[in-house]
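The chain that follows stands alone, in the form predicted on its own, written as structure tokens.
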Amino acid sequence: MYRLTEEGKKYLSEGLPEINLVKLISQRGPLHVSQLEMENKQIAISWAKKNGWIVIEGGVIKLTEKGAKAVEEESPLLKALREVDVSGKCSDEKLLEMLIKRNLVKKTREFPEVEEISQLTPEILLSEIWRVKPFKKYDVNAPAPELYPGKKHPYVAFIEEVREKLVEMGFEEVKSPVVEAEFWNCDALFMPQDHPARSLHDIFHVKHPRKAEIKDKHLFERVQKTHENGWITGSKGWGTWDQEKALNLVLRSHTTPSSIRYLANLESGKEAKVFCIDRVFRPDVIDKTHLMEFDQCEGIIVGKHVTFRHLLGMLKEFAKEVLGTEKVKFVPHYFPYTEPSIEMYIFHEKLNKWVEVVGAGMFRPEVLKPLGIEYNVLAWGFGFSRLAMLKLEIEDIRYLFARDIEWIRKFPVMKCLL
């Protein structure tokens, strides 16, 4: 169907501007453009010239013979305009195109009113009237009340996402105690007892009970000898070792004790791939990038033939599967219990810079021999909470543990990988 626009309705009642112009010239004779006083003057002159009804010489508008005839005859365009107004159609397609081009007519769609089913009821189902009546369509753009269904905390969802990816990569999850002996947290990792990371400023010490008991006395002795003189590891050791300090109870400062405990109980000659995602504790000053408790993720690969190259390959796969990127680079680094050691960086597209995400290396003989491990062990780990901040695009680590309902409600259920 076609309907007149507001301009079309006006022209239908008052006449087309070009017709009104030639009628005026016919009555009054030639007129200078400056003397012409009428609405839509420019439109009238433009269309009258296109139709060959007038000529302008020295700024004076004169009527042509064709224009004189147009005064006497009814305008076909006006007739078409009237036809559309009455019937909603036009028999002359060229005139219709002209009307649409001049924005005097517009095309519309009109549908007959039909009763529609907007809501299913038991009566409608039983009567089977739904078989013959149409259903009302949903308008997905219509305003609707805000609903907040239950959903997982974004941080919990991210932890589960990474855990699932690691399991898909063939890793098995392991756990270890939150309250740990310094022996497992530090000494079994060949970390010297005077290392700055073992000071009161870097580890929470448990007040009661203060001491742990190490049931495997042979392991305890082997670690002691390794610290004192290197034992059979080829190392010179650290020269001294205090048994009492090794038995101090602390809140674990990293998740690596879970790997060490696993290795201590690993059957001789067995290969393995394990990981741990869990809470660790350090006496940091709380700010937007530091908390006193946060999460770490770390893992190991035990294999007869695994090498440092396997570690790099695994980390590349980790970056692709877990972090969602293939842009990685490795930088040499130092860690007390791995050698060689590296840090892996990924290129963060949104930040447009390289970001350090993983520390890794091969466990030293001083770590493995006291545990009775004969194979190479590849080790890697990262600050899980820091990575989550990148993933979830937040600048304050405290949001990861926030109970801010408004923030949780507005946070999208799904977010793209890095």
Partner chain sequence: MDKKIPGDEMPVIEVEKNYLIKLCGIPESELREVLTLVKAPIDEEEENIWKIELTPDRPDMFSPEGIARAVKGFLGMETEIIQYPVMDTEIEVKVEKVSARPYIACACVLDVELTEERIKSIMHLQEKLHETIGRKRKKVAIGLHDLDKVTAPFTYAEFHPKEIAFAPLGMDEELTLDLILERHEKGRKYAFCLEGFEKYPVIIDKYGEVLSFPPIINGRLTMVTEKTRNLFIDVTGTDKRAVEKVLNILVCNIAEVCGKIGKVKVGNEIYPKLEPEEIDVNVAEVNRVLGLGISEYETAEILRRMRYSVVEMKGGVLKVLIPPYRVDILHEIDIIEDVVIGYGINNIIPELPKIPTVGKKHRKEKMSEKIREIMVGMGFHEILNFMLSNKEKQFIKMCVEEEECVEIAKPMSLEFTVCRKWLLPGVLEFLGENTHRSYPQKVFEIGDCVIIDEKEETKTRTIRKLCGAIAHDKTNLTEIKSVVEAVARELNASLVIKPISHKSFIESRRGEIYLNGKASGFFGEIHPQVLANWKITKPVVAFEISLEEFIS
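Superpose the two forms; the largest set of C-alphas matching within 1.5 Å is the rigid core. Positions refer to the first chain, counted from 1. For clarity, every value in this text was computed on a predicted model and none was experimentally measured.
Missing here is the form predicted together with its partner chain; even so, the following discussion is about that form.
- With the partner omitted here, the stretch from 68 to 76, 117 to 125, 93 to 101, 295 to 303 that lies within 4.5 Å of its partner chain by heavy atoms in the predicted complex is 295 to 303.
- G150 belongs to the set of residues with a heavy atom inside 4.5 Å of its partner chain in the predicted complex.
- Using a 4.5 angstroms threshold between heavy atoms, P30 stays clear of its partner chain in the predicted complex.
- Residue contact check for V60: none of its heavy atoms lie within 4.5 Å of its partner chain in the predicted complex.
- A residue is said to contact a partner when one of its heavy atoms sits within 4.5 Å of a partner heavy atom; S46 fails this definition for its partner chain in the predicted complex, lying far away.
- Proximity to its partner chain in the predicted complex, defined as a heavy atom within 4.5 Å, singles out one entry of A144, I286, V86, I129, which is I286.
- Shown without its partner, this chain lists E267, D139, E160, E326 as candidates; in the predicted complex, only E160 has a non-hydrogen atom within 4.5 angstroms of its partner chain.
- Residues E271, A272, K273, F275, D278, R279, F281, R282, P283, D284, V285 are the members of 271 to 285 with a non-hydrogen atom no more than 4.5 angstroms from its partner chain in the predicted complex.
- Annotation for E406: C-alpha shift of 2 angstroms or more between the shown form and the other one, rigid core superposed.
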